[in-house]
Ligand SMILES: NC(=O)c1ccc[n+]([C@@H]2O[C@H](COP(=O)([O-])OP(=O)(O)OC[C@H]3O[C@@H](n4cnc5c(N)ncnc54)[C@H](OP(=O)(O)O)[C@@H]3O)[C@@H](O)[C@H]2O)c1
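One chain comes next, on its own, written as C-alpha cells: the form predicted on its own.
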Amino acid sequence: MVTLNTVVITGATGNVGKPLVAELVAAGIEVRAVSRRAAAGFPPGVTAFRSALDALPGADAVFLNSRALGGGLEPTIAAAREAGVTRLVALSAINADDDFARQPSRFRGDRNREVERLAVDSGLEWVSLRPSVFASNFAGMWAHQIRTGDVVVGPYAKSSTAPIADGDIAAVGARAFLTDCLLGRRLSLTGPEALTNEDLIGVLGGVLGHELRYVEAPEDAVRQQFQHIGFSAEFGAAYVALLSETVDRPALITHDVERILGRPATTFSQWVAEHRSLFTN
C-alpha cells in the first residue's frame, strides 16, 4: 500500500473540495489547498496556494477539479508527473460519456470526460469519481423561489434524479487517497433514492416546514428562468434535455457510496436539514 503524505486539492473552496480538505486533515494528511480566494478559512495546518503548479513540488497526489483548473488542467497533470506525483483523483460525472448537449455542468466549466481521460492516460495511479447530480445544485436552482414564495417552477415534474450529498462525494474522494482499494476504478456515485422533481419539492417543504408546490413549465420558460438566475442559455437547454430522458423512469442508484464508506449514503432529506440556511436566508 502506497502511503500518501501530501495531497494537493484544486477547487479547495468548492462544494466537494472544502469537505475533502477537512476529511484529509482529520486523517493526518498534509493538505495543500489551491484557491483563488486570498482568505479561504481553511483548517489549521492547511497550506493555501493560488496556483496548482506552485503547490506540486514535493506532493504525492492531486485532486483534479476541471472547473477550477480551467485551461490549466492539462499543464497541471503534466507538471504533476514531472514533480513525482504518484496518484490522481479526478472529479468527473456519472454522465461523462453522454453527448455534451445533455451535460449541463459542461456549460459552467466542467470538463468531465476530459479530466477522467487525462487521469487514466497519465501513467499515474488514478481514481475517477463520477457523481450524479449534487444535492447542492437544487439550492442554486430553487432557493430564490423558495425564499420568496411557495411555488417552484421548472421542467418535467416527473423526471427523476438520485441527488448525492456533496460531503459523500468528498468522503469517497478521501478514501481514494487514503487506501489503494479504489485504484483504477470509475466510481458511479449516487444518492440512496430516486426522486422526481415533485418528490424533491415535497422533501424540501417537509423539512423546511413550508408547503411547496412544483409547477411544470414549458422548455422556453425554463431556459429564460435559468438565464435570469445567472446560468447560460446552453446550460438551460442541456438541463432540459437531460431531464427529458428521465420522465417516468427512476434514476439509476448504484449503492457504491454505502459499499465504500460502510455507512448509508446521505438522503436528500438529511442534506436539506443540514443546509436549511441555503433555502431560508
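Numbers for residues come from their place in the sequence shown, where the first is 1. From a predicted model like this one, the values you see are computed outputs, not experimental measurements.
Omitted from view is the form predicted in complex with the ligand, to which the following refers.
With a 4.5 Å heavy atom cut-off, would you call Leu243 a contact of the ligand in the predicted bound form?
Contact with the ligand, no.
In the predicted bound form, does Val133 come within 4.5 Å of the ligand, counting heavy atoms only?
Yes, Val133 is a contact residue.
Even though the ligand is not shown here, does Leu88 get within 4.5 Å of it in the predicted bound form, heavy atoms only?
The answer is no: Leu88 has no heavy atom within 4.5 Å of the ligand.
Within 4.5 Å, heavy atoms only: does Asn137 come near the ligand in the predicted bound form?
Result yes; Asn137 sits at the interface with the ligand in the predicted bound form.
Which one of these stretches, 110-118, 152-160, 174-182, 72-80, sits within 4.5 Å of the ligand in the predicted bound form when only heavy atoms are counted?
Selected stretch: 110-118.
What is the one choice in Ser105, Ser188, Gln145, Thr196 with a heavy atom within 4.5 Å of the ligand in the predicted bound form?
Exactly one residue meets the criterion: Ser105.
Though the ligand is not shown, can you say which of Arg213, Arg249, His255, Arg36 has a heavy atom within 4.5 Å of it in the predicted bound form?
For this set of options, the contacting one is Arg36.
Only counting heavy atoms and a 4.5 Å limit, does any residue of 3-25 reach the ligand in the predicted bound form, and if so which ones?
Counting only heavy atoms within 4.5 Å of the ligand in the predicted bound form, the contacting residues of 3-25 are Gly11, Thr13, Gly14, Asn15, Val16, Gly17.
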